[in-house]
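Only one chain is shown below, in structure tokens, and it's the form predicted on its own.
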Amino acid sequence: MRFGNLAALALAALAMILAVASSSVAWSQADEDRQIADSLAAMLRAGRAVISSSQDRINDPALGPKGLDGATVLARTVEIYQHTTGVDPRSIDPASRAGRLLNDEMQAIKSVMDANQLSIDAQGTGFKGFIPAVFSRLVGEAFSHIANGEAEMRVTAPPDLVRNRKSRPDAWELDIIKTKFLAPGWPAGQSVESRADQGGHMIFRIAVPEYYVATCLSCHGSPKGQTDITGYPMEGASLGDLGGVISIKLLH
């Protein structure tokens, strides 16, 4: 065999090795991104569960301080997160990307609660407007600000369910909602993710479907069209219907 042929074979072999190595790195990065995104979504759900279970207390006009300051709500959120995931978020290395972003989200939860204490603790006022959807939006905004370009998180929904213009789905989210989450036979709870180059930076995106539970139907259930406590017409939704989407971006 001539030297030229040997050189060509060597280059081809090297190219294959590099391709396999690159593929392994990509898969490893995708797995890490997915785990981080799942963790962020779990923390948001845990915090929202605290707010959902506290609605009667928040809206009780006879109570002054509700005991829902940032530190208290965060502690309860961490308990639910740990019970749900089996992981104590405080055990994650804070210097790691996963630990850093999870700490950013916990900071966001605390800051949102502290910033809304005057409204939540107002005595003599019933409905405060501090509902799980508002909490989720505010936490997403605060987290995105604190993460400072490294990650973004928001909660959106099918367009006919969006009550705040800030929560309207973008083109990618809308396509996922229409072609995946609302498609007959779509596996309940199955998320959708993508990786794309944007301006020379790799962006990981994931959309996680959320479904109405019993506590949601007091505002989104029946009778359809009747005004709910927030002042919006009820959608006539049923238990288990798609109600929202947690959308997360991780930027590299």
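Residue indices: 1-based, along the sequence shown. Remember, it's a predicted structure, so these values are computed and weren't measured experimentally.
This next part talks about the form predicted together with ligand HEC, which is not shown.
Among the residues 74, 101, 153, 133, the one placing a heavy atom within 4.5 Å of ligand HEC in the predicted complex is 133. With the partner omitted here, the residue from 203, 216, 49, 68 that has a non-hydrogen atom within 4.5 angstroms of ligand HEC in the predicted complex is 216. You can rule out all but one of 60-68, 28-36, 223-231, 180-188: in the predicted complex, only 223-231 has residues with a heavy atom within 4.5 Å of ligand HEC. For the marked spot (137, 162 and 243), a heavy atom within 4.5 Å of ligand HEC in the predicted complex is present in each of the three residues.
In the predicted complex, ligand HEC lies farther than 4.5 Å from every heavy atom of residue 174.
A residue is said to contact a partner when one of its heavy atoms sits within 4.5 Å of a partner heavy atom; residue 157 meets this definition for ligand HEC in the predicted complex.
When contacts are judged by a 4.5 Å heavy atom cut-off, residue 167 counts as touching ligand HEC in the predicted complex. In the predicted complex, not one residue of 93-126 has a heavy atom within 4.5 Å of ligand HEC.
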